[in-house]
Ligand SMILES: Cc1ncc(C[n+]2csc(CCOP(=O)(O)OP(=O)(O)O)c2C)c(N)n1
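In the block that follows, a single chain appears as structure tokens, in the form predicted on its own.
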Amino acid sequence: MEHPLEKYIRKGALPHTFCAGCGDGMIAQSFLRAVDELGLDFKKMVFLSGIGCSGWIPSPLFDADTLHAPHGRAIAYATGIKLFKPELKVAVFVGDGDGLGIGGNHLIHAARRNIGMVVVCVNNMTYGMTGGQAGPTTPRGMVTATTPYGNLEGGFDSCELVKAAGADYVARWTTFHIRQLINSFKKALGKKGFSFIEVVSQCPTHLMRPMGFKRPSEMLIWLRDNSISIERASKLSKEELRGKIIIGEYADSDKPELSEAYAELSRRMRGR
């Protein structure tokens, strides 16, 4: 019996390339379930990804038009595609190092422009593909390949950053909160403007042992126990929120979208 999501998987793409216990497969399935439940035409979607573990989610897994962009440049490529083909639904998969570190400037300005795309940021709190170095979201004190005595830097809050830049929809979940994640994907895919969903995910290769875990399932339990809703977080102090993952919807609006504005301008100019 064929799996209901098998029609979205490129022939020959399985078995996948994710490490055993990685959250990328959970995120891929959640996204495809959202597409399936919405009844979207997969052939009218285009997927982009950067360099990193999360890049293997759409490319080569998804049986659709995909583009594996240079490190940190996936959102820039997606912007060009959306402006040239505004009828396409564009989704970008980036990691925290790719999308927030190396490509952070593109992220900010895509949100500011409210260009119509869904950006999925897989945050495993490290540069997972290149050896487990500390990145822009690595928690203070965490042991990594480049911070063997604990990370001295503070990671920034990507959801607050993208919300302040002007995105239509912003949310954060973890790989433990699968149903909430699917619902957020569905909402984001229904938006005209810029949507950003951060998914805090487990890395069984580079973070499991430094964090003191023996199995990926223990990391999932840690994600569950350290998550707190945005509503509850609003009632707590910064000290009480230290080390917590604040989950929920940060922004939900419907502002003018850039590619539609360009299309309207083009129609006006041709009519002159």
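In this text, residue numbers run from 1 along the sequence as written. All figures in this text were calculated on a predicted structure; none of them were measured in a lab.
The protein also exists as the form predicted together with the ligand; that form is not presented, and the subsequent description refers to it.
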| query | Does Thr130 make contact with the ligand in the model of the complex, using a 4.5 Å heavy atom cut-off? | reply | yes
| task | Mark Ser195 yes when one of its heavy atoms lies within 4.5 Å of a heavy atom of the ligand in the model of the complex, and no otherwise. | result | no
| task | Verify the contact flag for Lys187: yes if a non-hydrogen atom of it lies within 4.5 Å of a non-hydrogen atom of the ligand in the model of the complex, no if not. | result | no
| said: Taking the ligand as it sits in the model of the complex, is Ile51 in contact with it (heavy atom to heavy atom, 4.5 Å or less)? | reply: yes
| query | the ligand isn't shown here, but in the model of the complex which of Lys191, His71, Lys163, Arg112 has a heavy atom within 4.5 Å of it? | reply | His71
| Can you say which of 237-245, 35-43, 52-60, 220-228 gets within 4.5 Å of the ligand in the model of the complex, counting heavy atoms only? | 52-60
| Going by the ligand in the model of the complex, which residues of 81-108 come within 4.5 Å of it through any heavy atom? | Gly95, Asp96, Gly97, Asp98, Ile102
